[in-house]
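Quick setup: one chain, the form predicted alone, written in structure tokens, and binding and motion questions come after.
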């Protein structure tokens, strides 16, 4: 399959891993953060950690939108769904994320009208076919999914669909990276830049990381060879004493981004003054809200939102894992009280969560190895 098979070629992967070992040497320890949760899953799924030299450490970043959403926002959305007149619509990866009184799926089991949709336009379709109900779409995601939400709101206004609104939880990647770099307990040498987000915003917004922070950043795809090539590009920069933005994912990511998508976002959204992130606290200018010109389709302006603030369970260490301070396995609850079957935190639920990735690919492998030895 084009753009897949050639990026999984065993010989090329072996040669690239050898080049990484040559460039990395043995005298220095490197800490690279992969910002995107999709990269984290690819690293574990394809066993890339096992072929990298020991002096290259990959740190999991905050690039999972489900993971960084604070529990209070989930409670707020579900509180609005308690009205029998409301249909709560959300992506499938939100269904098992726990709020204070349960996940959307548990609310559904209690009788709340919760629906899984695959796009915002699916939620708008629900509004069309249920004119006597109000459909509230629980929007989530970085700049990757924000354009589709914006276009759906624009379509709702154009078609005069008034029984539809969006509870907006879209966040932006740049302030999160800045918060990570400002964290006093974090030392990073470089970034593997997010591929999906960059298809929308392009590469230019990362230039301050190279210019001001003097750290290389390479936007990468998600196949094994993509990620390994990105590491090679980072190491070559560091060997040359350089710090710049490079685009490994040129087959998908335009340097200037998707201008049509950016225009749609600018039409519908504006930046919030502050927004709370799980593990990172309140970050200014880090999330999107719907403009007043589209207030009729903004659930937060149409309804009375409780504004719940909830701290994570004290024993859970989601914040430290999100910031890359701890590895998933270092959390006291990992693999014990917190598992994919019984998650206590969003990092174990989300399809891009680092805890779920580690559990499914590393923890299970270790358990299988242990069982085979004991047998």
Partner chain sequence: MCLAIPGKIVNFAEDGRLATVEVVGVRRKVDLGLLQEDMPKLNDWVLIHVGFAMSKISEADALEQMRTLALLGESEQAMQEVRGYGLEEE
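Positions refer to the first chain, counted from 1. Being a predicted model, the structure only gives us computed values, none of them experimental.
Not on display, but discussed next: the form predicted in complex with the partner chain.
This chain is displayed alone, yet in the model of the complex one of 194, 104, 216, 120 has a heavy atom within 4.5 Å of the partner chain; that residue is 120. Only one of the listed residues (345, 65, 61, 328) places a non-hydrogen atom within 4.5 angstroms of the partner chain in the model of the complex, and that residue is 65.
Here the marked residues 140, 152 and 199 all reach the partner chain in the model of the complex, each with a heavy atom within 4.5 angstroms. Remark: of stretches 315-323, 330-338, 40-48, 24-32, the one touching the partner chain in the model of the complex is 40-48 (heavy atom within 4.5 Å).
In the model of the complex, none of the heavy atoms of residue 294 sits within 4.5 Å of a heavy atom of the partner chain. The partner chain in the model of the complex is not approached by residue 359, whose heavy atoms all lie more than 4.5 angstroms from it. In the model of the complex, residue 172 stays away from the partner chain, with no heavy atom inside 4.5 Å. Not displayed here, the partner chain is approached by residue 125 to within 4.5 Å at the level of heavy atoms in the model of the complex.
Of the residues in 267-304, none comes within 4.5 Å of the partner chain in the model of the complex through any heavy atom.
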